[in-house]
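Just one chain follows, in the form predicted on its own, and it is written as structure tokens.
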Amino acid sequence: MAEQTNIAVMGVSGRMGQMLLRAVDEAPEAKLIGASERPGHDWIGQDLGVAMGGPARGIIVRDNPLDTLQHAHALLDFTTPEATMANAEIAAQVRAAHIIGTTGLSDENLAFLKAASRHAPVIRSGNFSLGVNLLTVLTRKVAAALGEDFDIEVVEMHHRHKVDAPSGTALMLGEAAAEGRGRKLADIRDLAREGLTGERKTGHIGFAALRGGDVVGEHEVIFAGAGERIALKHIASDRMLFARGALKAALWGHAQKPGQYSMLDVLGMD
């Protein structure tokens, strides 16, 4: 049997954390060696298996990233910006690949991750599914082909418990569209509209965020021109596709040199 990749899961009790655990357990080439939760969480100090209501697994849930990551080849991190920054510092120290699905990161956070990537691989994506990353490539190509006489709108919908908007995936798609036109998204994005906004600005990229029910994730990029519209859409019905994609990134990433990577690099689509 080939050598296994040692994986740590951060934020292990959450909805995504549980999916990541399942993905690791399903993969013979991966081995779970660490799990963490925020300080003060009920699971801290408990055996992971017992905390989950099952048999002991021999892995204690920690609240210190250093304790969790010291033997890890890679960590799966779908937590909060604050926790991700703490995890990035330790991952850089132990040279573990940092797989980041955390959303809502600020420019300051991104600068910190860039510095951390000088010491270890950092793979960050707004979405780890194959379909969404293909949609990103298509969005960039269509935006480049159509030009600014086609208006671009990014529409996304998620479950009612999601706390940030627009989603990380929507921003990733917006960045792809802006790149296709040789622009920076920060210069041409309209994140919300309300009241008397005036007419739409040519070349800008609009965003709409919908929330409700238990929607896993739906994203649509609309190119609206005179007399015609082109729509590219992805619908996710199973959250496990994100977890399996993140694990794929971890298995790929731990063998890479320090640097910043995306899921497109993992899939060989960039």
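Since we're looking at a predicted model, the values are computed, not measured. Residue numbers run from 1 along the displayed sequence.
Only in words, not in the display: the form predicted together with a small molecule, which the text now covers.
Taking the partner from elsewhere, every residue among Arg38, His41 and Ser125 has a non-hydrogen atom within 4.5 angstroms of the small molecule in the predicted bound form. Heavy atoms within 4.5 Å of the small molecule in the predicted bound form are found in exactly one of 112 to 120, 158 to 166, 88 to 96, 175 to 183, that being 158 to 166. In the predicted bound form, at least one heavy atom of Arg15 sits within 4.5 Å of a heavy atom of the small molecule.
Using a 4.5 angstroms limit between non-hydrogen atoms, Phe242 touches the small molecule in the predicted bound form.
Although the partner is absent here, Thr103 lies within 4.5 Å of the small molecule in the predicted bound form, judged by heavy atoms.
Although the partner is absent here, Thr79 is a contact residue: one of its heavy atoms lies within 4.5 angstroms of the small molecule in the predicted bound form. Interface residue among Ile188, Val142, Leu191, Ala83 relative to the small molecule in the predicted bound form, by the heavy atom within 4.5 Å criterion: Ala83.
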